[in-house]
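Below you'll find only one chain, the form predicted on its own, shown as structure tokens.
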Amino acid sequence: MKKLTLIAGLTLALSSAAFADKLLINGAGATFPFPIYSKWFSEYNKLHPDIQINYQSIGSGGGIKQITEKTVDFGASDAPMSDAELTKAPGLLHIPTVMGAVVVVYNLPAVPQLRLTPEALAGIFLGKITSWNDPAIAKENPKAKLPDSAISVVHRSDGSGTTSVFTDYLAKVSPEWKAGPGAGKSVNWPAGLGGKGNEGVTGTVKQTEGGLGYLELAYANQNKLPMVELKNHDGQWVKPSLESVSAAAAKAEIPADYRVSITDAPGKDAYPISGFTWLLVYQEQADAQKGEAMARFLWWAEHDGQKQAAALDYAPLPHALLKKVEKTLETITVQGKAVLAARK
């Protein structure tokens, strides 16, 4: 019995030691990049077993709140923080990671392809276009068997960067939307049902014949939901793809702090509801061990991690932007010392 107790005690002690040796980094935020972040954190842990990065996919609003309150080591958002939000989090950096598309998905088994103009899309979410065979939809889809049934609109119920990108687009193409619900991570929706996270919207649309909602491209592809073809800024019909997302960023002027919108971008090949997603980290890291590990992970993500983006339906960052991001990462400091300054 004593021998068994000794063995059990030794096993417990070894397990505790192993846990204590593992560095835990906690983050929270956007659901939009959750598929690729999960992949990155898993792959990085294989390369560095002593570092475990935990991430809660709770929405951009939640991520901004938690990193502002410093209850997590990093946040994630698809919506750049406002000047007012940044005053509550001095020294917080926006690190762009990948680009993605917010797509409009629907559930009409008899209609494999669907086109919507910006005006029709805004009209649906304003609650003014309520039937699938409305003339504004039928006009652009003359061969489609549109049913005489109600459109079940689905939107996000939580504070969401995906919502921010989507409503930013609607505010640019619809004066009525701009003057009404407006753009933001949370808005007062004129119509529809709410779903939590990209996962919630995906599930509701899949379960609701006649449903229509917006979500991130990876979720649409993974769940085999048909995506709407949209008319872009230049009047061209464009399908969401990695190439059309990259085209949306091609002419964008990226500011020094990376807070930029690329919705309704010019260019004949540009997908109109495209956006960057950002990791939010403090320039001066309070915890020396975590700060160094976080900086080194970010460097890996911006280089090796980018190679994994396309397979998960995200567009990698343009090369010129990556060079700028490198310089920003080299400003991350621990106890006043730049962690990556010597890395060229």
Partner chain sequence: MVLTVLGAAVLVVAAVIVAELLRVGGPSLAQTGLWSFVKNSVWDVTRDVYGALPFIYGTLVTSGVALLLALPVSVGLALFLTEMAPPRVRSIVSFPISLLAGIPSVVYGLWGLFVLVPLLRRPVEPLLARTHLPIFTGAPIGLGYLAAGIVLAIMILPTITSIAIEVLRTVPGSLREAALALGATRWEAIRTAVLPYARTGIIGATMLGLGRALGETMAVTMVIGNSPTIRASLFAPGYTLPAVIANEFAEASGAQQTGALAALGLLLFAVTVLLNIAARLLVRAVRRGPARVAA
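Positions refer to the first chain, counted from 1. As the structure is a prediction and not an experimental result, all values here were calculated from the model.
A second form of this protein, the form predicted together with the partner chain, is not displayed here; the remarks below concern that form.
The three marked residues, Leu92, Val98 and Thr331, fail to reach the partner chain in the predicted bound form, with no heavy atom of any inside 4.5 Å. With the partner omitted here, the stretch from 138-146, 177-185, 262-270, 113-121 that lies within 4.5 Å of the partner chain by heavy atoms in the predicted bound form is 177-185. Contact annotation: of the candidates Ala301, Leu279, Ile58, Ala293, the single residue with a non-hydrogen atom within 4.5 angstroms of the partner chain in the predicted bound form is Ile58. When the partner chain is considered in the predicted bound form, Pro226 lies well away from it, no heavy atom lying within 4.5 Å. The partner chain is not shown here, but in the predicted bound form it comes within 4.5 Å of a heavy atom of Gly62.
When the partner chain is considered in the predicted bound form, Glu209 lines it closely, a heavy atom lying within 4.5 Å. Residue contact check for Pro255: none of its heavy atoms lie within 4.5 Å of the partner chain in the predicted bound form. Interface residues of 145-167, taken as those with a heavy atom within 4.5 Å of the partner chain in the predicted bound form (partner not displayed): Ala150, Ser152, His155, Ser157, Asp158, Gly159, in sequence order.
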